[in-house]
Ligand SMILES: NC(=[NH2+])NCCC[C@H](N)C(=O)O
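There is one chain below, alone, in structure tokens, taken in the form predicted alone.
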Amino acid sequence: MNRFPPISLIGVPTDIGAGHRGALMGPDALRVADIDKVLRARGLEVADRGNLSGPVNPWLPPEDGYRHLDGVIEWNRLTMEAVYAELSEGRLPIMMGGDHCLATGSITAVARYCREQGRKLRILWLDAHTDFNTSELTPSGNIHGMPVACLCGHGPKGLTELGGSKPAIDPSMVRQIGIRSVDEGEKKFVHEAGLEVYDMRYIDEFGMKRAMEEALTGLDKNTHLHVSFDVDFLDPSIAPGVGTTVQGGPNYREAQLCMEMIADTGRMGSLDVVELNPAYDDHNRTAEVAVDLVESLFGKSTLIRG
């Protein structure tokens, strides 16, 4: 018998916050890789809610430090509403992006749900990047490099106040894993905010096991664990299908250990899978790896473990 609630797949097909086109095809690439069938084979109840519909990507240059701000706000509003609706029905939403700007909407919804339920929130941010840029710090204006900052209250009102007048989360709720690319101005801001970061230097020195043990410390029965999985977390040798590859990421076994240790907690209540870009992929190989890792988040392991 599985210990997970019914799952809802929510496709959010947009690359409006990214610097490369193509992530809008991510949800359907995950479907081609049989994400629904794989999860059902684990005995899980899965409903595919289809794809949300929002503004097209106009592919314009940044204005006042932000590219496509109005469109990004609208897509995040739609994402927030869809994720919150599933949580309210006692379901586990998997937001299939789309680029990582969409985590602003999904995590705003999760944070609201946790406040209403009186639950603590822990966010695992699996990514090559800290995504803690602002309009003043960003070299590109691409909002997929800003969602953690926006969630913590640093950014345009349309995103920082998506779920109300206060920041959706506090930096103390976030654990970032796999980081290996941080813009110059962003480094100081990450340090000042006190974000807990397990970068690849840390993982190289102490191992994925210790990084995950520390990132998961303090979880209890009243903690909702949200996993925001940017596929560029993975080393590009196993996951080439992203627009922002950074060499030196977790290998396949390190990634599997990460996911298995998350599954062992039994606390995951929501998930983002983002930045999968089939335009850069090889025969959907990255989508297949992503689905394999998602299966591990839901308890796949080599042997039965106590």
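The model shown is predicted, which means the values in this text are computed figures rather than measured ones. All residue numbers refer to positions in the sequence shown, first residue = 1.
Missing here is the form predicted in complex with the named molecule; even so, the following discussion is about that form.
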{"property": "Partner proximity in the predicted complex: P139 to the named molecule, non-hydrogen atom cutoff 4.5 Å", "result": "yes"}
{"property": "The named molecule contact in the predicted complex: G155, any heavy atom under 4.5 Å", "result": "no"}
{"property": "The named molecule contact at D272 in the predicted complex, heavy atom, 4.5 Å", "result": "no"}
{"property": "Close approach of D183 to the named molecule in the predicted complex, 4.5 Å, heavy atom", "result": "yes"}
{"property": "Segment that reaches the named molecule in the predicted complex - one of 208 to 216, 104 to 112, 190 to 198, 127 to 135, heavy atoms within 4.5 Å", "result": "127 to 135"}
{"property": "All of H144, D230 and T244 within 4.5 Å of the named molecule in the predicted complex, heavy atom check", "result": "yes"}
{"property": "Members of 74 to 111 lying within 4.5 angstroms of the named molecule, judged by heavy atom, in the predicted complex", "result": "H100"}
